[in-house]
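We begin with a single chain expressed as structure tokens, specifically the form predicted alone.
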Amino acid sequence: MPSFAESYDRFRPRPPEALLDLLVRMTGGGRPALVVDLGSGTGLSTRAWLGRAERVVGAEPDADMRTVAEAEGGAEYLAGDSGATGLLHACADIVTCSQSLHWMEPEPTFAEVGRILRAGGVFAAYDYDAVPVVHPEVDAAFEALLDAAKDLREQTGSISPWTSRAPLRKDEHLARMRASGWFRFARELVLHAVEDGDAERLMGYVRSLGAIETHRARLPLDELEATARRVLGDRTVPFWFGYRARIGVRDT
């Protein structure tokens, strides 16, 4: 049976190419010399930069996640966390946090981002909505399962396989970025990405969510799977993932 990290890497969505194109444009449009991906996990959001930048580095403190990332190759991976990467001062054109900033301590993270970004460099923290748009019945069943997982999280205090620390509110990311003093301009934008999926992909993705993985023995996953297989059958259909990106330009 694949490990949690391996399933995460197989079923989670990839970053929207439009967002990567935008970040490059915001740095001046040339090929970035260095992109740093904080909280890089299994490298999904790190490998997306291969071929787009001269050098790509992911920073991930979890050894299991980092092992999967390193097995894929292509990018460099560090064991450092978001507050202490060990990278040189002003070395990066772009720094990203994909689906990870809510697990990080804001002040040391923004200080490290500000330290390693060159003047005018760009920071992007982006997250996707947990429930993709697949089919109304499937989406409703998924949302009900996620609500049940969140209730169990509150009742038990068990957060995720990685941490016992409660996540930060994602809708406050932009305000914290602006208040940090490291960015001369920061804004939020909404975009989407479309990936093909079927019932197996949906259930693999569901089980890759920390809140559900932590409490899976007490959750009605069979009900969602039955709905997905009844509605989708053997079909492969588009999965629409909604993204929210908070982008900041490093102060000079």
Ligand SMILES: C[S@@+](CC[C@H](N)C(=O)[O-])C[C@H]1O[C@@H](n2cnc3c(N)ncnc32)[C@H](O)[C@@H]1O
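Start at 1 and count along the sequence shown; that's the residue number. Worth saying up front: this structure is predicted, and the values here are computed from it rather than measured.
Omitted here: the form predicted in complex with this ligand. The next part is about that form.
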property	result
Residue 198, heavy atom within 4.5 angstroms of this ligand in the model of the complex	no
Exercise: residue 59 in contact with this ligand in the model of the complex, heavy atom 4.5 Å	yes
Residue contact check: residue 104 to this ligand in the model of the complex, 4.5 Å heavy atom	yes
Exercise: residue 80 in contact with this ligand in the model of the complex, heavy atom 4.5 Å	yes
Option touching this ligand, based on a heavy atom within 4.5 Å in the model of the complex, out of 219, 193, 203, 44	44
Among the candidates 224, 65, 35, 212, the residue which, in the model of the complex, approaches this ligand to within 4.5 Å (heavy atoms)	65
Stretch in contact, per heavy atom within 4.5 angstroms of this ligand in the model of the complex, of 174 to 182, 144 to 152, 91 to 99, 111 to 119	91 to 99
